[in-house]
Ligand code: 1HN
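Read the single chain below, which is given as structure tokens and is the form predicted on its own.
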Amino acid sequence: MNDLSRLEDLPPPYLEPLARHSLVPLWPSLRALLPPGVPTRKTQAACWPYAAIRPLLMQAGELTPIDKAERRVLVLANPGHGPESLQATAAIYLGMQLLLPGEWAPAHRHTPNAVRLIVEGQGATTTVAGEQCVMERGDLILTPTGQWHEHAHEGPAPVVWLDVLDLPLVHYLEASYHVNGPRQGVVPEHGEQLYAQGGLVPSVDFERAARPQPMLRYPWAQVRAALLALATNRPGQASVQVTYTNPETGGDVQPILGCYAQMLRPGQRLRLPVRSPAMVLHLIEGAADVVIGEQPFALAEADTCCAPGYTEVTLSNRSAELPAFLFIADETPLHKKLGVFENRG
């Protein structure tokens, strides 16, 4: 039996002076803040099929010119947080962004960290702190906090990418803002070329002090090859996963969110460890089923889903002949920094 009284159990003559002095009794809300065993979570299992998103995104391109929208995005809003919250989990914002041929999304910088996972198209670039990053399907591009970035498209067909930001957390901390700026000059460096070989980093007379991340673009072709090599070299290893890291430090590519690529062997069924952080999954290639808790979702290419923390997630490759590849982002770096990370196996 709950031995804590409810707020309505307290007499109005006691509650009225509390309200006048901005005081709140803790005990009626204590179990909501500190529930037994598992946290209270607003984040719900959810799925956003790309087949539903894409026509609405293209219609947005017809309805709203880029000079009015600045960033033409449809937000993937988790129903547990409500549409007004503009968030997928407690710390993760997701949005599908469209850039049409000939368009330029002007330069700005902001406090939230962002990564872009390219969904479709070619011929577009993202310039981050002067480094021009080609945008090709499956590539991951970083825009760290405070770095100028802009998007330009000179290709023949629409380009779409998935934005992943730590915006909900930065907004909660009352630290979220942006600054507009002029078009950037382009520098000759390409981090994905300088750090293309594993185990080798530039050393003599080489400085990257102006940037928090030395490598801004992670080409999908390299990531896919690494997954296939891992699967070949470790045939008995169940989980074929690689982590996107800073090549100089080995640390996460974002201070708040972790980024990973997961391969499912043909016909494989994989149960992910039950951990405290929430996660989002985006299918890059193949066809996969995901069960989040007891909720099943069938994923086609470019579909995105969300799983709350402390929840069992099972992935299954529907193909018996071809591998499936997923991009995963989660809140692990944040949980570890706060000391609340749990792995319940």
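Quick note: we count residues from 1 along the sequence shown, nothing fancier. All values reported here derive from a predicted model rather than from experimental measurement.
The following text describes the form predicted together with the ligand, which does not appear among the structures shown.
Asks: Sort through Ile141, Met263, Leu165, Val160 and report the residue having a heavy atom within 4.5 Å of the ligand in the predicted complex.
Replies: Selected residue: Leu165.
Asks: Let me know the one among Arg183, Arg271, His190, His108 whose heavy atoms come within 4.5 Å of the ligand in the predicted complex, would you?
Replies: Checking each option against the ligand in the predicted complex, the one that comes within 4.5 Å is His108.
Asks: Do heavy atoms from each of Arg71, Arg116 and His149 fall within 4.5 Å of the ligand in the predicted complex?
Replies: So, yes: the whole triplet contacts the ligand.
Asks: Residue-level contact is defined here as any heavy atom of the residue lying within 4.5 Å of the ligand in the predicted complex; does Thr127 satisfy this criterion?
Replies: Outside the cut-off, so no.
Asks: Find out whether any non-hydrogen atom of Gln132 is located within 4.5 angstroms of the ligand in the predicted complex, and reply yes or no.
Replies: No, Gln132 is distant from the partner.
Asks: Would you classify Tyr218 as touching the ligand in the predicted complex, given a 4.5 Å non-hydrogen atom cut-off?
Replies: Contact check for Tyr218: no, nothing within 4.5 Å of the ligand in the predicted complex.
Asks: Taking the shortest heavy atom distance, is Gln97 within 4.5 Å of the ligand in the predicted complex?
Replies: Taking the distances in the predicted complex, the answer for Gln97 is yes, it comes within 4.5 Å of the ligand.
Asks: Heavy atoms within 4.5 Å of the ligand in the predicted complex: which stretch in 247-255, 165-173, 193-201, 233-241 meets that?
Replies: Going by heavy atoms within 4.5 Å, the stretch is 165-173.
Asks: Counting only non-hydrogen atoms and a 4.5 Å cut-off, give the residues of 74-93 close to the ligand in the predicted complex.
Replies: Read in sequence order, the lone residue that approaches the ligand (within 4.5 Å, in the predicted complex) is Tyr93.
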